[in-house]
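Single chain ahead, written as structure tokens, the form predicted on its own.
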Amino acid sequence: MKLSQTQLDQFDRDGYLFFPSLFNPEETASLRREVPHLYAQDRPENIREKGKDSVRTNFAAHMYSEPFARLARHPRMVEPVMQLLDDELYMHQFKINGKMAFDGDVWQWHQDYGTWLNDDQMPTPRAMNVAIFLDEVNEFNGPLQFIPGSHKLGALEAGHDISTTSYPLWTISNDNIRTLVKQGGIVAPKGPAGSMIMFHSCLVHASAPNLSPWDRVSVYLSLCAVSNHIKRFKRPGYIAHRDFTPITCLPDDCLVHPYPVDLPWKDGTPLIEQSGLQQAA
């Protein structure tokens, strides 16, 4: 999948691109069927909502789940990011965010690169997020909210919020958000399951709690240029990956055909990946 010049210009201006219904119902269903099995497992990769059993985030499913291992190598996601970053890519982070009906908590205003810089020592923002809707996303179930153009400001000052939710995050102050919104406004892409958003690692974004009766499960791939790999292994390896091997794409029909994939963590998360180290090799 190759981006047009119009799309490249739009990404440069806004910091994101939205592709409604990029994956068909059969492709999306192959992923959605796997989610309950993943969320039910007692693995360190499952981070649950504060004080609840609902999963907030499942990390690194591509290391132990066949459908998601194939998704991690899908050309519809990998090739446009390679085009934008002009480099081979490795998987910095892979997560399935489960903003579940009635229980899905807030994600505060933040830039992903803020966390990757402060926690992982990623040298520059030459990394990209790709989000795929596994459920329909509407105005009621906590859609992603973006401040268009905010990616052009680079890494913004952020504070480390370790108390609001079950997942620590480097967040941007309310005063700075007021200023940014006056300049760029707020957008919230919505659409059917199978839609995809690609957004810059410095784009300021958030999402409200899900008080609706509809789940809003989405997959997020954080793809980083191989030449821009992280320098610190402070966080567990299932959160910030330490393998910088370039991704090799599978054929475009990989979600509906059982191409063989490696599942190195199928029998459990290696102990070395469950702890933080101090420095990359």
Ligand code: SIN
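Just count from 1 along the sequence shown to find any residue number. Since we're looking at a predicted model, the values are computed, not measured.
This next part talks about the form predicted together with the named molecule, which is not shown.
Taking non-hydrogen atoms only, T171 never approaches the named molecule to within 4.5 angstroms in the model of the complex. Put simply, Y220 is close to the named molecule in the model of the complex: some heavy atom of it is within 4.5 Å. Proximity of N97 to the named molecule in the model of the complex falls within the 4.5 Å heavy atom cutoff. Heavy atoms of S207 reach within 4.5 Å of the named molecule in the model of the complex, making it an interface residue. Interface residue among Y113, Y90, W107, F133 relative to the named molecule in the model of the complex, by the heavy atom within 4.5 Å criterion: W107. The stretch from 190-198, 80-88, 97-105, 171-179 that comes within 4.5 Å of the named molecule in the model of the complex, counting heavy atoms only, is 97-105. Contacts of stretch 15-45 with the named molecule in the model of the complex, defined by any heavy atom lying within 4.5 Å, are made by none of its residues.
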